[in-house]
Every structure is written in C-alpha cells, then in structure tokens.
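Only one chain is included here, represented as structure tokens and corresponding to the form predicted alone.
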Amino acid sequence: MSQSRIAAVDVGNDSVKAIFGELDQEFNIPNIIARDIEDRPVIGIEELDQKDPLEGIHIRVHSPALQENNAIYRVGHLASKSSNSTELDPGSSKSQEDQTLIMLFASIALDAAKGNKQGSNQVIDANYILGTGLPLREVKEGKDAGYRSKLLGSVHQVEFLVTPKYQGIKVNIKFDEVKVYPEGFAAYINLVMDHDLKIINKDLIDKRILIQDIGGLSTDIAVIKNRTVDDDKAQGFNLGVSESLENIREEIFSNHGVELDSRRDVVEIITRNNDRNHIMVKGSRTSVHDITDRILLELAKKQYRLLRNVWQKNSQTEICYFVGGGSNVLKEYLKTLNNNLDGYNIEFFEDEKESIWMMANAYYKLISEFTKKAEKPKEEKKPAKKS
C-alpha cells in the first residue's frame, strides 16, 4: 500500500466519520476511548475472527504527536463498555487532545488493515493524503498549523491487539499531505458541490448565507458571501451539546437509577423514531420527556441567541442552514422558537445521515480536488515519448 490513499476524516465529538480511497470504504466509530493497563482477556478466542473489528477495536498507539505515547486503548463500542471510558470534555480544544489523534489513527489503521489480505503478525506501511478539519475558533487561533505539523513528518504506528480479524497487525501510517479545513467552510462546499466538484446548488452560489454548525463541544457560524467565508465575521463559540447530554444522562440516573453508557445513548433516546424520549426502567417503558425537554430547550435558546446576534451583524443574510449532529438533536426546539420569535429563514437537513456525514463528505471533496490539482502538473512534466 505504498501509493498514497485519500482519507477524509471528521473527528466529531459524538463519533468519527471517515471516508477512504475511491469512496470504497467508510467508518462511523463512536468517539470514546478507554485506557488499558494491559492486554485485555479474550473470552472465546476462537470466535474472535467471526466478529466485526469495529465492535472490538483494541490498539496500542505509538506516535511522537501524542502526549501519552505507546499506551493501550479500547476504542469506540468496546470503550463504551468500560468503566473508565472518556469522551471529549466541554471547553477542550480538538487540536490539543490525544483522543482526537487516537480516533484519527484508529480509523485510518482499520482502513489499511481491511485493504490487506495477508493475515496477522505483519507490518503494513500505509501512505495517506488526509483531509480533516477543526472548529472555526481553533483555526482563527492558528491551531490548525500546529495540528498539521504534528501529523506530517512522522510515522504513527497502530498495533492491533485483541481486535477481531486484525490481531497482531501493525500499521505504520505516514501522511504525504495533510489539509486542515475550517468546519464552517467545509459545510458550504458540501452544500454547493457534488463528489465530482460540480455545482449542484446554483441558487446558493451567490446568496448571502449563514451556516450554523452545532457540534458536541463548539458551535461555528460561517458567514458566506461572494462564494467565500468572511473570516472576520465568522464566529466560533464554546457552546455545544455535550454538556446538556451529560446533564440529561446524570438526571436520568438520579431520577430513575438507569445508567446510560455514553452521550451517544442519550442522543439515540432523543432522536429515534419509535419510543422517542422513553427508557426502560426495570422492564417498564418510562418517559424522560420532562428531563430532555427542559435541558434541550434551554440549550436551544442559547443557540438561537447566537443566531440572532450574528444575523443582526449581517442583516442582508438570506438563509441560515443548521448542520452537524447538534442541530439534529435541537431541530424541533429551534424550529418552535423561530416560529414563535423572529421567524428567520432557516433550513435543516431532514435526512439525518446527510447532516451527520456532511463534514466528512466535504473533506473528501476538498482533498480530492487538491489531489487532482497536484497530479496535473506531474502529468504535464512527463517527457514526451520518443518515436
């Protein structure tokens, strides 16, 4: 796998969405890790290779980019079952956290291992061209340059320990190029272009629009006019849905004695089609509507205030698109507030998958375009064949 492969990775607070190659591989992995002191015991070792690797990601990560090097982690679904699992904390910077890098490396190593057919106890050298992103606030603070340099110029090794199908495989990841995009700009690209970078939304191209991207830890509001993001007016805020999800989780535990594994479980309760806002308590279907409504309405009001403030400063805005996993959680509350208050022209993505995969799709489009442009000069420089 010496030739560079495209990787587009959105390390979202709730989960990591990753797209690879010629759109031939994609992963969605919960953004949860748990430190392991030693190799975990395996129950039914002979059954290990029958299971899905994504259900049992167990790795040792070696990278000079990490503050804690050479540590062992359970990742994703496996980590959610651990008592010491961690999710990104409100107030933390995505670019500064080991967890962001561990999730990034894990998803890429899974792609490299899946594309290799030689069995275990081998070393795979995998070269990638990476497109990823950071919240607008961190890009405005210049943290994208440091994040990029951490990834470039080093080899990052992921060793699969007790992972189904991949036990014993080591993946050496090297990035030939890394592009770090501001998340709001990426959302705009996704709105107006398809995977072949052809304009699909002509109506939007010359409109003045806002894109409010509500994540787990932060909210970005991109201000777009003349087909570009206005960096001066675009704003990033330290307000996401994580803290509210954590509060819901804690209240459900204190009121009903039910312990949910992660914030992801809370999201599922809030957004699922059947039995929404209900949990099982000792086998009985129980409503938690009072808890979710109160906490999420409070957050929706804060998000609506952000929209109002930015719109007032950009009064000629024509429409605001709400994107990201947080928008999906707050959609009904924000619509109700808007109907009762200002009545702005706002739009949500009714297709949940489209909203959740928006950033990863955008990074894929951007990094694909970059790669095609980089390859063209090489083709032009090739000497003509002598006849």
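For clarity, every value in this text was computed on a predicted model and none was experimentally measured. Numbering starts at 1 and follows the sequence shown.
The discussion below concerns the form predicted together with a small molecule, not included here.
- With the small molecule left out of view, the stretch that reaches within 4.5 Å of it through heavy atoms in the model of the complex is, among 236 to 244, 300 to 308, 197 to 205, 155 to 163, 236 to 244.
- Checking 225, 264, 77, 150 against the small molecule in the model of the complex, a heavy atom within 4.5 Å turns up for just one residue: 264.
- Comment: the small molecule is not present in this chain, but in the model of the complex one of 218, 100, 190, 212 has a heavy atom within 4.5 Å of it, namely 218.
- Although the partner is absent here, residue 25 lies well away from the small molecule in the model of the complex, with no heavy atom inside 4.5 Å.
- The small molecule in the model of the complex is approached by residue 328, whose closest heavy atom lies within 4.5 angstroms of it.
- In the model of the complex, the small molecule sits beyond 4.5 Å of every heavy atom of residue 365.
- Interface membership of residue 15, defined by any non-hydrogen atom within 4.5 Å of the small molecule in the model of the complex, is confirmed.
- Put simply, residue 238 and residue 80 come closer in the model of the complex: their C-alpha atoms are 3 Å or more nearer than in the form shown.
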